[in-house]
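As structure tokens, one chain now follows by itself in the form predicted on its own.
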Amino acid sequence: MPTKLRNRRKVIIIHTGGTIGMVQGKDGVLRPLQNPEMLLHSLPELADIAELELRVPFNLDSSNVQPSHWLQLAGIVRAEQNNCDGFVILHGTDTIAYTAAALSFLLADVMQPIILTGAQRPLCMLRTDARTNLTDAIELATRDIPETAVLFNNTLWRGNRTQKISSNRYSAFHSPNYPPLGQLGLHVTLNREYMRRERQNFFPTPHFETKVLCLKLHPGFTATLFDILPPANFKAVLLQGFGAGNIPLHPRLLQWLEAHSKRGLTIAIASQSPRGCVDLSLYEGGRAAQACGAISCRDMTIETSLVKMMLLQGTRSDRAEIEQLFTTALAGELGEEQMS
């Protein structure tokens, strides 16, 4: 907790861009606001919740956010964690799940709430959801919530369990395999039994390896497609299989998996089904992939699986350690039980 004694809670708001702070030009295109400070000026009543301080490390459409930006955000939080009670990160909805996953690993030992939020409509528009999301996020950042979380449409989700599911509804996110951490209505209800208490920093010198390939299998997929992207250019491959992680029993595909697994490529099998858990022992295709050296993403989202693999490949050199940590919960990103 902060070392300085204050009469009021202090929240640092980190604006990174996204729809929440965009304006619509005459051509109808949404672009980042040139003066993000106007966000707080337009909502002076937010100062009634907490003392607020705004930081603007970058101002981007979130489709342009890169791993270097994740490290930048983590650096700000680490530098300021003793100077405030919580953080609100304003972020575009398109890649907020990736950023939330990255920060959950980078800041796993930070005890302050790190609440990411955004909006489907800019703050300057009528019927915007930005006002409610921003107000709720600041309120939650003053609470005892030791999580990196996503707040959207009155619901708080664990960040590394979150996925975007809609581009036109205010209920734009869900957490397919983990219950919400809280709901906001007339009252704030926090589900503390689902919050983390164990804290450990697994990545004191973090680096993200971007040579990780994510491929979605589909009927008609042939392993010759791998030849277009030579595997020598990659350190790991995430294959999105079917259901519980089943893959086609295509001889060329299995040969490819076995050959490149033997040469050191880490291969992980995810599922195209958001809910449930990958179980490579359940079907013949999954068992064949496992026999070729593939590992399971279990119940992790594909966003979190990708970010976690990039981080492990960037910080570990031993393949056995990478695979062991990938299938171990480091920040509450996976669990033993499936949630209905």
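This one's a predicted model, so the numbers in the text were calculated from it and none came from an experiment. In case it trips you up, residue 1 is the first one in the sequence shown, and so on.
Omitted from view is the form predicted together with ligand ASP, to which the following refers.
- Against ligand ASP in the predicted bound form, the set D279, I295 and T327 makes no contact: no member has a heavy atom within 4.5 Å.
- Residues within 4.5 angstroms of ligand ASP in the predicted bound form, judged by any non-hydrogen atom, belong to 56 to 64 and to none of the other stretches in 299 to 307, 40 to 48, 56 to 64, 285 to 293.
- Contact with ligand ASP in the predicted bound form, judged by any heavy atom within 4.5 Å, is made by just one of N246, Q112, T93, N133: T93.
- Interface residue among K164, R196, H250, R78, judged by heavy atoms within 4.5 Å of ligand ASP in the predicted bound form: K164.
- Within 4.5 Å of any heavy atom of ligand ASP in the predicted bound form lies no heavy atom of L156.
- Looking at A119, you'd find a heavy atom of it within 4.5 angstroms of ligand ASP in the predicted bound form.
- Not displayed here, ligand ASP is approached by M22 to within 4.5 Å at the level of heavy atoms in the predicted bound form.
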